[in-house]
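Shown here is one chain on its own, the form predicted on its own, set out as structure tokens.
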């Protein structure tokens, strides 16, 4: 008799990988299919940070920031080989956010997540410390810490753990069609296999609605906004092991982060797009990032200094605000169809909160899984 899986996951990005690890560790039979290589799309096109999201405080997203800061601590503990705390410097500009506002934001950022090993923020004299990097009129700044991560490796480590515990993981395999029955799902793969599963999870990231419409073929009332974030890479702009958080006149911020020892990673932009496929940086985005650097740094750069670029598509939940104000939180859409064969669509989410999202998925699905160990376990088990 053909094996019936408890959970089938479409998508091997960070959310799919985290769910697979969490679920199989609870004794569930798990199958995951990824149309490319695991972690090869949005999950490896990030700013390589596990962070609380300092600027989300301006949008009053205190719950998201608190959860993210707590997760920053957890991920630093469970993945020490691929994470490291790094200081970020915010040069103060009189034309932009006030010192009081920045201090208030950093006070919340230091304390919202509870106890942490990561150092607290402080005010610093830029003239004494970073006058060789920044223009002379930036004399006051603020320092806080976040955590740098190898994002693709984080996905791969979750996948490898899931495999070791018995999950079936297929890369370069597309789900082409699914059929819902009373007792579960028949999932047709492009290699000719048909997999049976009690529950279907759509963790396709930017391709979520494409999967809902063309593969699962149901209606959804959730809409997503596809926003392209682009980065440029240059040779090291300075020697110090610090990152910079640069404010712009449009209220957006751009990070400058030491990258792979000899480079600087600069990003990100926010541009609405219509398709998640083949994202690439535009000339306007390059100019935007270059101008940001030149407004702050003594060392001036041009397009000739760009060694490489990459762009990723963020699937954000549509709430009809400008891109920088759209929430980075996640939403679950549980489709039961008269209590037959649950389908869970996962909208939104960010790298930092993937592990917590995975726990909440298991909580959401526990009424439909009779054989699950319900105890949360991933916060204390090293990857």
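Numbering follows the first chain given and starts at 1. Not measured: the values here are computed from a predicted model.
As for the form predicted in complex with a small molecule, it is not shown, yet the points below apply to it.
Here the chain stands by itself, but in the model of the complex one stretch of 58-66, 330-338, 44-52, 22-30, 44-52, has heavy atoms within 4.5 Å of the small molecule.
Using a 4.5 Å cut-off to the small molecule in the model of the complex, not one of 5, 198 and 201 places a heavy atom inside that distance. The contact with the small molecule in the model of the complex, taken as any heavy atom within 4.5 Å, belongs to 229 out of 141, 229, 105, 184. Though the partner is left out of this view, residue 292 does not reach within 4.5 Å of the small molecule in the model of the complex, counting heavy atoms only. Though the partner is left out of this view, residue 157 does not reach within 4.5 Å of the small molecule in the model of the complex, counting heavy atoms only.
Proximity of residue 207 to the small molecule in the model of the complex falls within the 4.5 Å heavy atom cutoff. Contact check for residue 256: every heavy atom lies farther than 4.5 Å from the small molecule in the model of the complex.
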